[in-house]
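Just one chain is shown here, as structure tokens, and it is the form predicted alone.
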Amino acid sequence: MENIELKRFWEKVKEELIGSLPESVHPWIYSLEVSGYDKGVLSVVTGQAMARDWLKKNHSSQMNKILQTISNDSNARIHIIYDENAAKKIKKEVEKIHKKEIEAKQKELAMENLNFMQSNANLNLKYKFENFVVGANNRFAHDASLAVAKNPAKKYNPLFIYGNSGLGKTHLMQAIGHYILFHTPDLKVKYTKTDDYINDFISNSRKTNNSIENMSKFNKKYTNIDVILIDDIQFIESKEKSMERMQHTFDKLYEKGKQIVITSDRIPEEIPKLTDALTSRFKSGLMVELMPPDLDTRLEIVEKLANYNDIAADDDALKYIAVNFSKNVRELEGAFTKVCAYAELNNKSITLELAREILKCKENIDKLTFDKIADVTSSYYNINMSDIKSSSRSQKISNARQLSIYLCRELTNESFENIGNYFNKKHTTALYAYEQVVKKIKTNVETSTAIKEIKQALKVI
């Protein structure tokens, strides 16, 4: 009997078996596969030993009668064979189904947790790792954040992300939350802005009715979770009671082995009046910095924005935006949105000419570097560039060094740590130099004039 004919014959036999045998054995019949028909013996294969034994013991006679009727052969019989390969195949199928069931359950839990997070913390769904553009300026912070998301409380606890406004701190923080929600949905995640935490604390502490109960609810709200994401911690500065409560929240979570992620626009030492206790706690894990994106990263960001929103734009127009908006990602996205909105409302194509017309930028041709700033400043003071990076304390060199540090901070947005390293100084020394110049600008005409003339030489004004 040919294969096609054999399969058709078996389907007919199987249909009769299903119609005649108890419903409890139907799954076993469905799983049988025909392997041959020779001299009245119909051989079928199963990967379930129990199916073979049960059918032989309890239904062999009935199955044979059905085959004899269909084949018109009174001696015909069904021979059930147990096959290990078929058993392995069934096992894989079962595991595949089980895996799908687990994934479906995880997805269901993730959605429940996501709904909880959305209603309690206003997590923004667009902030995920998938749409975070990684560049030299943020690679370390991104990799550390992803490591935390994959292993909450196992690596880098607490994780302290810092950098100027608009560089992606909130994006990375919320990406951690989203990743955990979808990959470890049994964990409870809470995102809170520091201002909201402070207001919540003040509100509960001022309630006169059941004050103990109110504070108990507040504590549970922020400590009966597995991952806490605290945004813009710098706003807690000088608020003594709130800092005490934050320390309590931190300690409770840390003691229970829960993950803590914090963002700030500066390192703990630079947050005025932050307690030593909180400073030491925030520094006890891993601190990572976000820097302004370089040109390649900025270009990738605007290209990704265009692709994501299905917007056609000339390459030159995108490059113009990327070149001229270098301070932070938020400013870059704002410029891109402005050009797109104008083009859409006026039914125009996004070209280089249109971008120039709308944004009216003074184009940045040369990227400012520490070397260039130090070189121009040393020339202004008529000293060697090496003097600025030396340990000399002469007034002339000291003034040149302080102005160089000030300009490096103002014109590049680099961290005081990186600036300090360049000038062979500690970051606290770089911060002090910057603050001294800020004070002098208000009272010292010579200093403000020097800064203006150096900026002119650097072609930034």
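For clarity, every value in this text was computed on a predicted model and none was experimentally measured. Note that residue numbering begins at 1 and tracks the sequence as displayed.
Beyond the structure shown, there is the form predicted together with a small molecule, which is absent from this document and is the topic of what follows.
Undergrad: Please determine, with the chain shown alone, which of 267 to 275, 335 to 343, 370 to 378, 159 to 167 has non-hydrogen atoms within 4.5 Å of the small molecule in the model of the complex.
TA: The contacting stretch is 159 to 167.
Undergrad: Please run the contact check for N138 against the small molecule in the model of the complex: heavy atoms, 4.5 angstroms, yes or no?
TA: Output for N138 is yes: heavy atoms within 4.5 Å of the small molecule.
Undergrad: Within 4.5 Å, heavy atoms only: does F235 come near the small molecule in the model of the complex?
TA: Result no; F235 lies far from the small molecule in the model of the complex.
Undergrad: Using the partner position in the model of the complex, report whether R330 sits within 4.5 Å of the small molecule, counting heavy atoms only.
TA: R330 belongs to the contact set for the small molecule.
Undergrad: With the cut-off set at 4.5 Å between non-hydrogen atoms, does K360 touch the small molecule in the model of the complex?
TA: Because no heavy atom of K360 falls inside 4.5 Å of the small molecule in the model of the complex, the answer is no.
Undergrad: Just to confirm, with a 4.5 Å cut-off on non-hydrogen atoms, which of V133, M287, A313, I388 contacts the small molecule in the model of the complex?
TA: That would be V133.
Undergrad: May I ask you to choose, among Y127, F182, F218, Y82, the residue with a heavy atom within 4.5 Å of the small molecule in the model of the complex?
TA: Checking each option against the small molecule in the model of the complex, the one that comes within 4.5 Å is Y127.
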